[in-house]
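A single chain comes next, written as structure tokens; it is the form predicted alone.
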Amino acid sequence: MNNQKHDAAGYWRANLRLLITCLVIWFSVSYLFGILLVDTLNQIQIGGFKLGFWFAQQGSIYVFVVLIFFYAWRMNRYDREFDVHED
């Protein structure tokens, strides 16, 4: 029983670490790049569009969708690693 609690605690720590990492990335892209650093990033142009504008309008959405898929992929690996998968 003690071994199961240790595995559950490790699984929860891994899940929280992944969740916090994803939230920090999402916050950085949506708030920092899209709002606070927009003037600095607007000095860089990619494909005729200012980078700050792109992050505010499109980039944060794309990054969010990528983070959803990354989180699902990584949690599936954690599920197998900690033997809590649903096969």
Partner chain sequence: MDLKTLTYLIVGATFVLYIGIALWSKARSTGEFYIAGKGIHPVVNGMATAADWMSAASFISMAGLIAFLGYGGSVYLLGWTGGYVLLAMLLAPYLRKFGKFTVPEFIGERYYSQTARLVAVICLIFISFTYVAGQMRGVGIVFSRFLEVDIITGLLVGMGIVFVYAVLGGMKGITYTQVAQYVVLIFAYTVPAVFIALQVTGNPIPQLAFGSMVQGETVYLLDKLDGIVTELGFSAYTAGAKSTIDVFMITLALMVGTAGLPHVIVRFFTVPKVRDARASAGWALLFIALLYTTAPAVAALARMNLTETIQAGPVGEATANLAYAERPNWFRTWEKTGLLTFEDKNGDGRIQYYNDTNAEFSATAEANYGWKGNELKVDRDIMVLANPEIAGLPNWVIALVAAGGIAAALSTAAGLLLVISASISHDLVKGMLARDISERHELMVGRIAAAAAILVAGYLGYNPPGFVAQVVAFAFGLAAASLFPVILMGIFSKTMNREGAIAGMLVGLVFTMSYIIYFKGVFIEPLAENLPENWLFGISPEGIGSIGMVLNFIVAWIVSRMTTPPPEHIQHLVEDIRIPKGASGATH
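What you see is a predicted model, and the numbers here were worked out from it, not measured in a lab. Positions refer to the first chain, counted from 1.
Unshown form predicted together with the partner chain; subsequent notes refer to it.
- Contact between V38 and the partner chain in the predicted bound form is found at the 4.5 Å heavy atom cutoff.
- Proximity of N42 to the partner chain in the predicted bound form falls within the 4.5 Å heavy atom cutoff.
- When contacts are judged by a 4.5 Å heavy atom cut-off, D83 counts as touching the partner chain in the predicted bound form.
- Of the heavy atoms in S60, some are within 4.5 Å of the partner chain in the predicted bound form.
- Shown without its partner, the chain has L19, C22, L23, W26, F27, S30, Y31, G34, I35, L36, V38, N42, Q45, G47, G48 in segment 18-48 as residues with a non-hydrogen atom within 4.5 angstroms of the partner chain in the predicted bound form.
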